[in-house]
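So this first bit is one chain, no partners, the form predicted alone, shown in structure tokens.
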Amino acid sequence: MQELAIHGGKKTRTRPFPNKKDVGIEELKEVAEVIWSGQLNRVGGTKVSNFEKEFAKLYGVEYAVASTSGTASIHVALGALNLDPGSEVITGPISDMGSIIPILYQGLIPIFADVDPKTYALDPEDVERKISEKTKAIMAIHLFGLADKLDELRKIAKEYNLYLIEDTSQAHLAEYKDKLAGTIGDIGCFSLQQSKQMTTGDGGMTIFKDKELYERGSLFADKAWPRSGNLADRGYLFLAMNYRMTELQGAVGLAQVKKIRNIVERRRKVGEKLVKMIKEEVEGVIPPHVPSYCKHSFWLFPITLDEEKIKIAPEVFNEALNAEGIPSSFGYIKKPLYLYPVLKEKITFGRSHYPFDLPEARKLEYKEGDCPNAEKLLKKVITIPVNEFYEDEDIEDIIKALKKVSNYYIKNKLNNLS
């Protein structure tokens, strides 16, 4: 049996994995045009507006609003809905806090529904259980690059007259039943942060089907200041943010939107090959479950351990994998969002607990046990980075390391110790 690197054995991988982005001469050309024009602001420029048009075309929708981050893209969506303070948005407990910040800043209350233990998607049954008279929207979060349960969520939204928002920050060009993630609900929100499948460094995009929601969302991203038409002289029509994307970001986005199909296809090949090889070659490791009607876009590659075969703690397995040269991470966000102080202790604005202390808001406490599946998953999940520049040798090294570590802990008599 091979000695693990964590115990002094030879490492499986000694050189770094590819971690670059598909950014180059095409982006440089677009950015150079902005620099030479001297017009760096989107007002008076063309790059951002053209990027919005091309992004909307990519997703087969009429309207798109660019913004400064994935967080901003969700805020634009909620600003477009114009919900009353104290209204509730049901969403998932596993994500970046950027999914929740816009809910709080709009004076809304996040209600957390549990997730499906296989696909990490919102559990429709728990969503329906969490609906109250205050519920106005459901926000599905497509974790790691996979979108699921959207037919069920759309049916619930229709039955209860709720909006369905898709947080597609991690799932560019993922597919659900031959439809692109982000196009199935009323509004789709995307992050363009550096680590995502396509990037402008930082940035966001919100796509709309409904013209009225789009128009309000577009205003919301620009201080509610109409730039033309009959309302232009009135100015500042309602309270709104300044989330204008710069022409430099828009220029990078214009080049990226032409590449994204190829980027995702390359990542998908990497992810699908990893799934296949783990199933065929690695005992005790469970790859991501991808339903036959879904196409994963592999922002990250989540794995769990078969607890009947590998009895050591997942964090120990992850440490051993790291020692073999695989840059994996344990636990993703470590605990559900509702157990972090901003939510559990309602640490928000000054000495208030706004919006939780609004007279219109239902009184609620977030506590351990609210979403049992999510809590269990975050104590089990290990994520492995995926990059569109991985080659066969990179994939094979990941598999070699997984086999080496799993075989050791399955066969070694010490595998009962954690």
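Counting begins at 1, following the sequence as shown. Keep in mind it's a predicted model, so treat the numbers as computed, not measured.
Below, we turn to the form predicted together with a small molecule, even though it does not appear here.
In the predicted bound form, no residue of the candidate spot (G79, D84 and G217) has a heavy atom lying within 4.5 Å of the small molecule. Per the 4.5 Å heavy atom criterion, the small molecule in the predicted bound form is contacted by stretch 67 to 75, the sole one of 235 to 243, 323 to 331, 300 to 308, 67 to 75. At the 4.5 Å threshold, heavy atoms of E319 stay clear of the small molecule in the predicted bound form, well away from it. The closest heavy atom approach of R267 to the small molecule in the predicted bound form falls outside 4.5 Å. Not displayed here, the small molecule is kept clear of E152 by more than 4.5 Å at the level of heavy atoms in the predicted bound form. Although the partner is absent here, G203 sits close enough that one of its heavy atoms falls within 4.5 Å of the small molecule in the predicted bound form.
With the partner omitted here, the residue from Q106, T119, T199, S95 that has a non-hydrogen atom within 4.5 angstroms of the small molecule in the predicted bound form is S95. For the options Q193, T135, T183, T348, the one in contact with the small molecule in the predicted bound form, meaning a heavy atom within 4.5 Å, is Q193.
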